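Next up: just one chain, as structure tokens, the form predicted on its own.
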């Protein structure tokens, strides 16, 4: 077990928030995604909400939020602040190219029955230390189910000419690999994205795409898609604006001692008019 497990425990209560059909969703929203000024900065909001991009439930904590710069170098958040309903931070785009802003984790979770009661590890809000899984999960427990779970939320911004270095997958958990650059999205031009699970095509992954402004619509108008055998989905954007994409994947091809694996993914994109 490694340090990502502690992060997973912190995120355990959030993992379902990026899965389709959940009432609350976690997101990171840039004020803009494509910048061309001489000294570009971007402000971000981060929250968990009922309506996409409307902070009405809980702030998304900034611990664990990371930024990969145009050469995959780590970039520090500037002016971070967490309030009641949203967190905010700035990012200085000192180098031209594409930046990936993300929060992610991967590790085991377990459920079992003990004395007639359902047990779960790690507990909600728990921060396990290395070795806790081996000490606290009884491998001979009744109805024991161990799942390898991954959680990822991200967005992308570009200063000047876009590049793809920061977009490379880590081949851990459920990830999105852009075929169409995520900061080159336009109405009338379908975009292609590939979903991977531990570096392999996430065939059959369920994808839902929601436009901003849910608060002002009678229905969500979600675009529902299923990844093909290559993990590919193609999105035809109906209008310009900000969009929230969420994906969910599960199978039984986990490494022992897990018998199942599940990945949840979410991202924010800006689609521009032609």
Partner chain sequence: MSRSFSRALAAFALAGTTAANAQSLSVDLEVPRLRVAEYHRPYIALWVAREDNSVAANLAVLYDVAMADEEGEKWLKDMRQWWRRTGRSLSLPVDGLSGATRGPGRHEFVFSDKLADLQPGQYRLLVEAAREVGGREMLEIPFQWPPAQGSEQRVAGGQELGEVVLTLQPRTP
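Residue numbers count along the first chain shown, from 1. Since the model is a prediction, treat every value here as computed from it, not as a measurement.
One more form of this protein, predicted in complex with its partner chain, exists but is not displayed; see below.
**Message:** I need to confirm a contact call. Of 28, 68, 34, 209, which residue comes within 4.5 Å of its partner chain in the predicted bound form, counting heavy atoms only?
**Reply:** That would be 34.
**Prompt:** Pick from 236, 224, 38, 229: which has a non-hydrogen atom within 4.5 Å of its partner chain in the predicted bound form?
**Reply:** So the residue touching its partner chain in the predicted bound form, by this definition, is 38.
**Request:** Within 4.5 Å of its partner chain in the predicted bound form, counting heavy atoms only, one of 87-95, 147-155, 103-111, 185-193 shows up; tell me which.
**Result:** Stretch with heavy atoms near the partner: 185-193.
**Interface membership of residue 115, its partner chain in the predicted bound form, 4.5 Å heavy atom rule** = Residue-level check for residue 115: no, no contact with its partner chain.
**Asked** Can you check whether residue 171 is within 4.5 Å of its partner chain in the predicted bound form, heavy atom basis?
**Response** Answer no; every heavy atom of residue 171 is more than 4.5 Å from its partner chain in the predicted bound form.
**Message:** So in the predicted bound form, is its partner chain close enough to residue 142 to count as touching (4.5 Å, heavy atoms)?
**Reply:** So residue 142 does not count as contacting its partner chain.
**Item:** Proximity of residue 161 to its partner chain in the predicted bound form, heavy atoms at 4.5 Å
**Value:** Although its partner chain is absent here, residue 161 would touch it in the predicted bound form, with heavy atoms inside 4.5 Å.
**Item:** Those residues of 241-274 which, in the predicted bound form, come within 4.5 Å of its partner chain by heavy atom
**Value:** In sequence order, 273, 274 come within 4.5 Å of the partner.
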